[in-house]
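In structure tokens, the next block holds one chain alone, the form predicted on its own.
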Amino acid sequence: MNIVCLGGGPAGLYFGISMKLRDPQHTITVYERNRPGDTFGWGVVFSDQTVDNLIANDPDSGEWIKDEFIHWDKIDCFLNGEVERSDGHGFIGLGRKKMLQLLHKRCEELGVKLVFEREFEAENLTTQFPEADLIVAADGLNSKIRNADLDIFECTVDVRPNKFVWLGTKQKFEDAFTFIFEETEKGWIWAHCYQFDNETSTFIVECNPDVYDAYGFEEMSHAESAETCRKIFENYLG
């Protein structure tokens, strides 16, 4: 089969790897609009079971991922400074950029062709890729292909009101996946934190719309927004 995969994030890349493993005769091309080193966000999280599944599906890339990740079993939940800890969960953190680099390497080993800085449109895909036997839409959360006709893909999009920002910090939450809930004078705001390499943790801050408006986040620059979040959670950031 001649397979075209539109979107070179983890899903598109891993689909290409999996199909090539099942039949090396497949011709597979992954198209990505960004450059090879571009990524958005910080770290990703998998369960231990997901890692086991990756190793079972492709031992080579699975073991590469296993060699790079940060592992923890505990979850800490801070509520106004007091912590409740639970154990036995089994999760790993991995840098998103590192994961993409590992999957790029495995694609190249297997003969999956990677094409970067290539845009595609949702309309007339068959004329854009006339040789394709199969076209896979892997173009992310805001998929242009899916959103062009939600009825055909039988999708329902349910947008929820909370606001969040995906930040990073050099503070290492190395003991546990950490949730922090703080009651401020403007209302509740909380953070989801997890280490994903030896120096860095993801730090996601979330709140509901009335708290977002009360802080005036909409009018802030990125630096002002990050500094406001740092002050709110400074007791946990060292």
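Predicted, not measured: the structure shown is a model, and the values here were computed from it. All residue numbers refer to positions in the sequence shown, first residue = 1.
Below, we refer to the form predicted together with a small molecule, which is not included among the displayed structures.
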task = Tell me, out of Trp64, Phe179, Phe46, Tyr212, which residue has a non-hydrogen atom within 4.5 angstroms of the small molecule in the predicted complex.
result = Phe46
key: Among the candidates Asn53, Asn34, Asn208, Thr184, the residue which, in the predicted complex, approaches the small molecule to within 4.5 Å (heavy atoms)   = Asn34
request  = Choose one stretch from 148-156, 76-84, 106-114, 134-142: the one whose residues place a heavy atom within 4.5 angstroms of the small molecule in the predicted complex.
outcome  = 134-142
ask   = Looking in the predicted complex, any heavy atom of Gly16 within 4.5 Å of the small molecule?
value = no
query = Going by a heavy atom distance of 4.5 Å, is Arg96 a contact of the small molecule in the predicted complex?
reply = yes
key: Contact label in the predicted complex: His89 to the small molecule, heavy atom within 4.5 Å   = no
query = At the 4.5 Å heavy atom threshold, is Ala11 in contact with the small molecule in the predicted complex?
reply = yes
